[in-house]
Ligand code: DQQ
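One chain is shown next in structure tokens, namely the form predicted alone.
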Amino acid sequence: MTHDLTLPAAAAEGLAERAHRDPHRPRFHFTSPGGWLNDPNGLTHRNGVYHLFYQYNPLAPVHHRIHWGHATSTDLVHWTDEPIALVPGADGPDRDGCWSGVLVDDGGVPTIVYSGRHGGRELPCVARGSADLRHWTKDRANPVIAAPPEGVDITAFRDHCVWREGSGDGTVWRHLVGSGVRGVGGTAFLYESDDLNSWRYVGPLLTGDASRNRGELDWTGTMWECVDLFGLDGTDVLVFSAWDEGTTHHPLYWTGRYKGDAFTPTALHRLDYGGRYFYAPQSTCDEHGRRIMFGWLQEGRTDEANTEAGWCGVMSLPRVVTLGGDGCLEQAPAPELAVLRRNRVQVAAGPLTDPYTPLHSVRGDQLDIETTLRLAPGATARLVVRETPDGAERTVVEVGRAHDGAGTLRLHRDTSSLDPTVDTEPRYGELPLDADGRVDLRVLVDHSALEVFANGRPLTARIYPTRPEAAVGVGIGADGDATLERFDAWQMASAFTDGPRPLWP
């Protein structure tokens, strides 16, 4: 595939430079060089190299005529921008955008299955690549599925999960397409194929219930985006992002059993307590046998602010996903991120006797904080980050233990920013606790990106202090009987070399 390099360079003049100067731009999370970034796509680990493809508009920080960006890493920390993988065609089924999909190995041939968009329709398309995944050729037969299932009133039809199933001569490709049945609920349509080109419709794998109240945190929406099916320790997991007529909602997952042509669920769970701030996740099993997941951190500021900044969208830190003893997923940042740690600071252990104590030895907007707390029934502990000297702007991570033993994780953002146009709504969720009320809390601060992990439960959000150079304070405190058993903090180095990156490698 050949690219016209002159038009994008002229249209996107200054984007990378503005993006690099923005004080809210993360430095150790992956971001595109400039312009727009959304869903992670095509995750794979081949010959020691991680490949992260992603939804990308190099021309402007808006969701329009989406390309497939591409970056590689040998350590999940430092990323190299590769040539753009897929560009919307001048004609054909993807002329309005190359939307989300996956990468599979078809007998040694790297193959992308993605959604081509044209005229309000999204249909499955295929592209085959070179061994180094840098050169891609779209199949002339695209789209490989000409239309959604007949006789079904769908809400949408896009995003893909593809895998090889069976053994010997009985192996087939299986394929989930995210969708929804109008008036019924979100679903994932199951197809199968012998060659990735000719697909037979099997039926809906599982269908949700759209009659639930939209305000409920476990409501599964009218359409399921970015479906992802995988197994962990004998449990099958179906991840999806609940969507409602164009409004993003939150990521969820079913645990249960996939057998034959159906998924039998046992329980529904929230994937990340940040809701839309960790959206459209995709995972892969790496060469070490780990389930690695990325998600899209959406912005919480206005479109005008994104345009002025020259960029929009952050990729989450890579997460290792495991199955906990309670049957829920546990998530943790990939351990490789420790290579960025600098200047360790330890805080003395002991009872937390004050509602709030500033930690003058810990300051910064690129931090990795690990702490262990013990909470008695009725106790609440809080960690404050991104605080200005006058306390006017501060973000509060709070963990609590009710008198009945139930745990909670809350993020208070009401004073995260004095800018009235940014989102400051709180985020919260349940926190599993043992009989001793132990909380292993990890908080990663990267300018506007915030990822919190408490006993394996994640909460992701965005924060935009109006005085970013001053909002570097950290503090801790508690109400009730709470003990600090350990507190370690590190400054985090940048994962990228200094200076703007080319928008069109």
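Position 1 is the first residue in the sequence shown; the rest follow in order. Treat the numbers as computed from the prediction; the structure is a model and nothing was measured.
Just so it is clear, the following notes concern the form predicted in complex with ligand DQQ, a form of the same protein that is not shown.
Contact with ligand DQQ, judged by heavy atoms within 4.5 Å in the predicted complex, is confined among 34 to 42, 458 to 466, 435 to 443, 472 to 480 to 34 to 42. Checking F294, F189, W99, Y277 against ligand DQQ in the predicted complex, a heavy atom within 4.5 Å turns up for just one residue: W99. Taking C226, L317, C125, A242 one by one, only a single residue has any non-hydrogen atom within 4.5 Å of ligand DQQ in the predicted complex, and it is C226. In the predicted complex, at least one heavy atom of Q55 sits within 4.5 Å of ligand DQQ. Ligand DQQ in the predicted complex comes within 4.5 Å of no heavy atom belonging to R401. A residue is said to contact a partner when one of its heavy atoms sits within 4.5 Å of a partner heavy atom; D272 fails this definition for ligand DQQ in the predicted complex, lying far away.
In the predicted complex, at least one heavy atom of R158 sits within 4.5 Å of a heavy atom of ligand DQQ.
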